[in-house]
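Okay, so we've got the same protein chain twice, two forms, each given alone as structure tokens, structure 1 and structure 2.
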Structure 1
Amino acid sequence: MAMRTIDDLDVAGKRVLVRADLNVPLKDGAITDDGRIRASVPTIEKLRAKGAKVIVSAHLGRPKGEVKPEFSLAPVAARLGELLGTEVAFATDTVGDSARATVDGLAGGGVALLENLRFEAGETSKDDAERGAFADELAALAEVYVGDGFGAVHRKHASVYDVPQRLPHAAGGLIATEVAVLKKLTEDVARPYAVVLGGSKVSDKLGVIDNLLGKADRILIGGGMVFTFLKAQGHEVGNSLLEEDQLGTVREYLRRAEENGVEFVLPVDIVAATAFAADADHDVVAADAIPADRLGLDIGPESGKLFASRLAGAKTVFWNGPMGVFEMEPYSHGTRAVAQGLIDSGAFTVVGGGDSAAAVRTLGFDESAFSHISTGGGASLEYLEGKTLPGLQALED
């Protein structure tokens, strides 16, 4: 199904509600990574240039339908204003008096940001009527809807799914780009196709591994989830993260991979520590010889080289999830090696949002060295699982 883009809309002088993804990490009220705000700027600038009155809506954290000051979008409004080079009017509510007054005060080319959508229970309600009632109020603020919050398109939320059904709608530039990239990972894949999966839990990635066993040429596994794979092969994993209930599933994946000719690459060495701490005693040990009193916190240096060598011949690489606890310096080297491996591969490289995108920035890599850094980890994974994403479905004509 085709999606309209902003280019297909006449928005001059019209109130345009943009669902953006501004769900940034905050520490003591300060934004620690503004990647998602920067990613939302081009669509907003394009609408401004067309003379639209831009009403930005977004969520932050999980306040669960209650007003919680620590989840206010006020700091985001300030940063968005700096990036746009114009004042962003901030409404202290979402669909109330402040929102209506703020929107009424907008001139063509002006920008307003509504307070956190998730302060309203109707935004995330499972009850269609409750969600629909909130969507009615939100839609009443605008004449046109632009969906650009890729990080939320896998959620059946009012601002993502219900509002576009009530207004003329189009996809913003960010969503259009993300969908084009995901098609290159699913429909039009340049081979060999390598997938690197990390992060803490196998259970988070079950659906995507299941689907990729029929699509990828090789799958590289690191991060906390690797210990369930090592245990499934009969190895000691000590105090490492382990999902006992997934051992049978993992054995089945390893069997199917062999059957389908998919190469499964597991680490050959592990950085094992005495405790989950940067200053704990730690050593590099063979992946099949983790001491019973230690826990693995990163893939080892030989694994980093192995992974880089298995990426070297690839034409397409998708990476989701760090290789270790990259926030602690001693355990950042595996993630660093994989990021560098993606860059050196010369392949079409996609960093699948969330922690992987944060790791790339935290470890000081140039974002432009990757073909694409996704803004939506969960959304990317669900798309690769073959699921229908409500927010994309609602934007189709």
Structure 2
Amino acid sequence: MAMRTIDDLDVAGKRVLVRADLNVPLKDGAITDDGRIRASVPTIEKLRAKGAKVIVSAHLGRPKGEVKPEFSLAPVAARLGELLGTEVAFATDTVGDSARATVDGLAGGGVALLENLRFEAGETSKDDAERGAFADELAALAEVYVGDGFGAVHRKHASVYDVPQRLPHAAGGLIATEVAVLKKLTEDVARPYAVVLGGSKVSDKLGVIDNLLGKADRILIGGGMVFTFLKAQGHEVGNSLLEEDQLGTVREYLRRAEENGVEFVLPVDIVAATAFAADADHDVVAADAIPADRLGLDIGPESGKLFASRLAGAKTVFWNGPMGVFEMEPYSHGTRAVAQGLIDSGAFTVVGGGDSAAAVRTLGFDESAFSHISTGGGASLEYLEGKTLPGLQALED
């Protein structure tokens, strides 16, 4: 079904709630990559130009319904203001007195940012009534809703799914662009089609493999995903990230891959450290010989070469999830090798995910070297799986 765009809405002088994805990486309170904020600017600018009173809402991290100052969106409001070249009024709560007063103070063309949606338990609640009650409060702040947080459209959350059901709504430009590119990957994908998976949201993303086994020709596994596979093969993984309850599922994936002729590529070496720290002792060890008192924080150099060689013949590559803890220099080399492997492959390359996109930029790669950098990791994976995404479903007429 079709989604309305901003051009289909009358927004002049109206209060427009924009659900953006401003979930950016922070270090010591400072934004280390503002890609998602920059990606949200065009839709906000367009609404301002049409005279809307723009109320931006977003989440940061996973504070789980509690007010945690380290997850405040205040630094994001400041950066958004710099990028827009205008003051962004920051509400110190999400739907309370501050939010109402901030919204009341907006003139046409003005911009406000509400505090972290996930400070409110209703935002992420699985209980429809609790989520709905919070959605009522959010919707009461506005007259029109614009969904533009592509990175969060796979979440059945109040601001993503329930609010658009309560207000006239449309999709913002970012969602429209993301969907257009990803649609190509679901329709006529050029083969061989390789998918690289890594990162730390292992339980979220392992399930994606189930569906990819029928779609991809090659699946390369790095990052925090690796250790559930290594353990499933009977190897020691020390203190590495592990989804113990998924071992059976992973064994099944490996068996089906063989049956379906899908090539699974696992690392052959791992950078194993004594602690989750840049200055911890660390060594390259064989993937099947991780010492019991260590944890794997990156794929090793031989794995980097192996992965690049398996990307070399691909015509399409989708990559989500860094290969290691790239934020710390000693564990950034695997991610660098895979990024370079994508570029050298000459394939149609899509990089998806907040941290994956941030990794590409902070490691100094030119964004234009990739065919598309998506702001959503889990969202793009679930889109490629063919799943119904709540945030897209809710925007359909």
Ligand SMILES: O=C(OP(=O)(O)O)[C@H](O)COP(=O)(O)O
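Throughout, residue numbering runs from 1 along the sequence of structure 1. Owing to the predicted nature of the structure, the values given are computational and were not obtained by experimental measurement.
Would you indicate whether the form predicted alone is structure 1 or structure 2? Answer is structure 1, the other one does not fit.
Have a look at 373, 173, 342, 219 and flag the one at the hinge, given that one rigid part turns against another between the two structures. Of 373, 173, 342, 219, the hinge residue is 373.
Just how large is the rotation of the smaller rigid part between the two structures, in degrees? When the larger parts are aligned, the smaller part is off by a rotation of 19 degrees.
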